Ligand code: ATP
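Take a look at this single chain, the form predicted on its own, given in structure tokens.
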Amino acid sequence: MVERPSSDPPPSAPAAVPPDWPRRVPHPVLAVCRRLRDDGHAAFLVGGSLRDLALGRPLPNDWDVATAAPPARVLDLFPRAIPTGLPHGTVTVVLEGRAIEVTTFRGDGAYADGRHPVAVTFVERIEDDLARRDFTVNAVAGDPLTGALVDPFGGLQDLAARTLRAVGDPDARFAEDGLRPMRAARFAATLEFDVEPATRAALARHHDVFRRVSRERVRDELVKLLGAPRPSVGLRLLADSGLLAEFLPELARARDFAQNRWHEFDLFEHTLRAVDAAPPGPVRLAALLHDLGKLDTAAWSDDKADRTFHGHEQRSAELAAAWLRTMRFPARDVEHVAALVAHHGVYYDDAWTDAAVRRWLRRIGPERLADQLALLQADLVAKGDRPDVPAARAAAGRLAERAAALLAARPALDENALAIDGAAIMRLLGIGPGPRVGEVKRALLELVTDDPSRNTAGELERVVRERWGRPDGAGTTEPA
């Protein structure tokens, strides 16, 4: 059943919402709605949870309930409730280990900071509450106890048509909340929806409001966008609207930036294809940033026949780390992603010795091997239909096999894995702490990288005594 205000014409092609959709609602959410209803208050599922149920998507983690009950009454009804957003009518009810946001029907006043209304007014009708929401597909309410749906803005029709449309005037919606254009790009990618023309056009007209949104909120939306089946859908929308240049100008500049004969696409298109080909998570973030340094390192080859990008990996890593910090990513993410970017240029062939593979593993860090190889494959896919790509992808697969086999032998890939430590070196050489100890350890690591069988205490002690244990302290740190 779909309930609509009599003043609104019914949609011409209503969505086929599964009639048994309430069966998928978790018991704690049903219990909250039933408790509110038994106390005489309407209660509906709203927002993304209902949208995803209607689309048959996996069950969401977040569940939002809108109710006619005032916040004080919600707190009375649920002793374990937390007043998480009381000025805006939101209470978090914890039931059976699940946190459920319960918000009183409300209308929003003016938006002063580009994100939040200055004041809210509690209202009696769910239709008035839905009017304040961003997109029609998020402005549908459902009663999980009866299965009834309330759809005053044609959201079910837009769900059926896989269309993203602003509620009412898109310019008014985007002028209220500067994050909504970013959410439009995210929903277009994650839901795989088309953005209807008026909403799409309005995205480009509210950069001033978008600039007032905190970097953390933009970051969070971008991370969600990068989890989409094809993030390029949302990234392209951000570029077309000019919003990408507001928070990642280097990538926006990559549009129409020619590469060289090894690439079918310009730098922007190559990057988007690499992002789509990469697995969700840090590898996708690295793919987004992996080639930004090409803008600064582009030069012509000596014969002027083609472009070169010498050193672009390191420059890209510097730009990536700076941008990640600006966007307030955690330090561990900054380090991991920047390292992936710094080492994404892998030019493997079967002539590499085992020692060369072990040195490569030392450079990238064995804990990053899987992500590094995934980024390499995504980068190769994004080169397009070039004759060298199939062979390069096959070679990358062989590198993965060799690296895995060598790692299984547990080689020493850092100084902590040497069979002797700094204290033993100082004892053997009769010296105290200082740079000399580090020089010896680095030389020993090179030695056992070439021949892992030499990483025994007896062998390394012998090497230290013979190579560096001269009476005058002279000697070299070259491996024996």
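From a predicted model like this one, the values you see are computed outputs, not experimental measurements. In case it trips you up, residue 1 is the first one in the sequence shown, and so on.
Form predicted in complex with this ligand: not shown, discussed below.
When contacts are judged by a 4.5 Å heavy atom cut-off, R133 counts as touching this ligand in the predicted complex. Interface residue remark: E446 is not counted as part of the site for this ligand in the predicted complex, having no heavy atom within 4.5 Å. Put simply, R165 is far from this ligand in the predicted complex: not one heavy atom of it is within 4.5 Å. Remark: D450 does not count among the residues lining this ligand in the predicted complex, judged by a heavy atom distance of 4.5 Å or less.
With the partner omitted here, the residue from R307, H312, R273, R183 that has a non-hydrogen atom within 4.5 angstroms of this ligand in the predicted complex is R183. Of the listed positions (E415, E439, D39, D62), a single one reaches within 4.5 angstroms of this ligand by any non-hydrogen atom in the predicted complex, namely D62.
For this ligand in the predicted complex, the listed stretch (278-286, 371-379, 345-353, 184-192) containing residues with heavy atoms inside 4.5 Å is 184-192.
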